[in-house]
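In the form predicted alone, a lone chain appears below as structure tokens.
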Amino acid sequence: MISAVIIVLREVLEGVLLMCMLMASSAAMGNRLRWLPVGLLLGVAGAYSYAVFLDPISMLFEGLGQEIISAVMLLSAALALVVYVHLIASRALRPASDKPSRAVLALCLLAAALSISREGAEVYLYVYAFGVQAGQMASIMSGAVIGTGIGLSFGTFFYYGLRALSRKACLWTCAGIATMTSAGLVMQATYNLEQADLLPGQQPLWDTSALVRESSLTGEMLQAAFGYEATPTAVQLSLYLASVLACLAAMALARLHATKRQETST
């Protein structure tokens, strides 16, 4: 049951961190959370569809469908977060406004739906494989409920902690969270593409398993929050850093636009 708690907690925590960041930043930018129920509905539908049709999905692209589609979902969410970081930074550098932004709503909806689809499918497949098929339903379900409860409880404190910050502090904090989340998604996508032989397999640059094992509770939490990889390759590290730099460039571009607006107004 302990392993079920840890595995489900990691999946739930990945989605909860992203959802709380989206909710807090969206509210701080003057947007209502009307996208939330739609995003949840699309995410649950996507997770169920992905899990139910996993066999035909896996047969796509000469048997590499699962890795490729998972990587596409991860990279799409990461790209959406890069654009979202730009919008967060732009709003943080401008006076508060209650005017809603359709771009913010669309990106929140897309990121939420993709995240819930992937994480939800992982939980569904784990429960089905180790609970239903392996005949350990009571143990797995108990662990899944506990892991989900811990993740949602953490998310509640995390959300209200962000909302307790000032508007600018909340937005900049959310921009930082989105940056690390985007990089973590890219790291996971890179691993999937290496598994599909679409990126070259390489020897790891280092191995920190002796310090923090990926299968440990700490390792699972670090992976959920930052995309921790104990044995990263050069390609994984390069793309991880490229994602961080892309988000930093999005912030710099927002600051450049804000400076130009100030110069124009004066």
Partner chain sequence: MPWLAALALVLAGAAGPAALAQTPEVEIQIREHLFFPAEVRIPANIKVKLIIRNLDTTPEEFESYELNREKVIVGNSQGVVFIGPLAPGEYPFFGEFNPRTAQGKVIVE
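Just so it is clear, the structure is predicted and the values come from calculations on it, not from any experiment. Residue numbers count along the first chain shown, from 1.
Omitted here: the form predicted together with its partner chain. The next part is about that form.
Novice: Counting any non-hydrogen atom inside 4.5 Å, which residue from 75, 116, 177, 170 sits next to its partner chain in the predicted bound form?
Specialist: None of the others qualify; the residue that does is 75.
Novice: Since only the chain is shown here, I'm wondering whether residue 63 would be in contact with its partner chain in the predicted bound form (any heavy atom pair within 4.5 Å).
Specialist: Residue-level check for residue 63: yes, a contact with its partner chain.
Novice: Is residue 224 close enough to touch its partner chain in the predicted bound form, meaning at least one heavy atom pair within 4.5 Å?
Specialist: Result no; residue 224 lies far from its partner chain in the predicted bound form.
Novice: Does at least one non-hydrogen atom of residue 239 fall within 4.5 angstroms of its partner chain in the predicted bound form?
Specialist: Residue 239: contacts its partner chain in the predicted bound form.
Novice: Is residue 205 near its partner chain? Define near as a heavy atom within 4.5 Å, in the predicted bound form.
Specialist: Answer no; every heavy atom of residue 205 is more than 4.5 Å from its partner chain in the predicted bound form.
Novice: Go through 191-217 residue by residue and record those having a heavy atom within 4.5 Å of its partner chain in the predicted bound form; state none if no residue qualifies.
Specialist: Stretch hits, in order: 191, 193, 194, 195, 196, 197, 198, 199, 200, 201, 202, 203, 214, 215.
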